[in-house]
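The chain below stands alone, shown as structure tokens; this is the form predicted on its own.
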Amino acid sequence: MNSFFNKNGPLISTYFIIAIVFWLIFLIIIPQLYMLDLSFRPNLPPLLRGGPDDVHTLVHYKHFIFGSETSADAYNYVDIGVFLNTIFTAIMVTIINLCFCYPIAFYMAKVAKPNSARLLIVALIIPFWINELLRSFALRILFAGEGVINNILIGTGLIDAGINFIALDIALYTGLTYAYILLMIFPLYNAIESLDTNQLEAAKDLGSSTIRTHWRIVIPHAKAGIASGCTMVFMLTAGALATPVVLSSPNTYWFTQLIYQWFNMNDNWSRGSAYSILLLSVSVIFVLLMMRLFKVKIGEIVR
């Protein structure tokens, strides 16, 4: 703490501490606690809230598992299916993002010259000056039935009829992977950049293959960056709304769309809160799994 004050000065350090404490308490902890309490409350009109009927209940979580009382199904297969599909897609997007971004991050950190690395970083950042929603619509134009990609493929004679990239969810996976690519690249880049190049040269001199060098040296060193990138990409993908709405097929539903409907269209904030807590719980479990898998502490992830 003393080094922090000495480095930034008393005025700036005090400002940072107050801002961080305010952000944590009023923008994270209090809203989440209120949402947690609301998820256990019945959906009552404003005048009945705080009365004898406003008691804690598990009805909203029960609805997620078993559905409404009038449903003929034993379980709420629709909502559970949407939830599982969202989590599965988020995991797949995280894996794809990691496989795609790792070589780029390693190239920028250890292969490219400083000027080339800076140019690559700028080239990655500039497209994200454009709003996420506009980028999603741009990708929809590319992947549409009569979009740019299909027109090129048909024009070159590679295919006879257009491919429905939207129905196949190819556009969705591409859009989600692209939307959070920076959140995977930069933690990887920061972690790999701190690796001593002499270790790579020593492994090469000792006859180690490229794959073995990465598996035994680079990846263990970059495990904090990998855990950090995977955590952020998974949580933001699972909680995405704009990109799935624009790029998903009519048969693909996203769990955040259900949450949005309960909050805004059905005016059932209690059920929307319960569904939000379920998504938050899975995100927290994913973070804990990343910490256990890569054997890192929370401080190393957020460093």
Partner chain sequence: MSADVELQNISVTFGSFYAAKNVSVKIKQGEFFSFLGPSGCGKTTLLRAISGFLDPSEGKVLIGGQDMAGIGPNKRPTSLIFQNLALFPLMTVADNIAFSLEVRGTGKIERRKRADELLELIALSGQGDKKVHELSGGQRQRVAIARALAIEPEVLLLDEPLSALDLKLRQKMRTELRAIQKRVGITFIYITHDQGEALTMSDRVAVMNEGELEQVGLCDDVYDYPNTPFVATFVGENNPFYAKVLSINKNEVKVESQGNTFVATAGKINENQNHSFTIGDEVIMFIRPESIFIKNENNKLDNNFSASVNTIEFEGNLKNIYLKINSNMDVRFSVPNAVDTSELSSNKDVELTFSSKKAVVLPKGSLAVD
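Only a predicted model underlies this, so the values are computations on that prediction, with no experimental measurement involved. Residue numbers count along the first chain shown, from 1.
Just so it is clear, the following notes concern the form predicted together with its partner chain, a form of the same protein that is not shown.
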Its partner chain isn't shown here, but in the model of the complex which of 194, 198, 115, 131 has a heavy atom within 4.5 Å of it? 198
Under a 4.5 angstroms heavy atom criterion, identify the one residue in 85, 76, 208, 164 near its partner chain in the model of the complex. 208
Does the 4.5 Å heavy atom contact test between residue 147 and its partner chain in the model of the complex come out positive? no
is_contact(residue 217, its partner chain) in the model of the complex, heavy atom dist at most 4.5 Å: yes
Can you tell me whether residue 153 touches its partner chain? I mean in the model of the complex, with a 4.5 angstroms heavy atom cut-off. no
Contact between residue 221 and its partner chain in the model of the complex at 4.5 Å, heavy atoms? yes
Report the stretch among 179-187, 139-147, 200-208, 96-104 that approaches its partner chain in the model of the complex to within 4.5 Å, counting heavy atoms only. 200-208
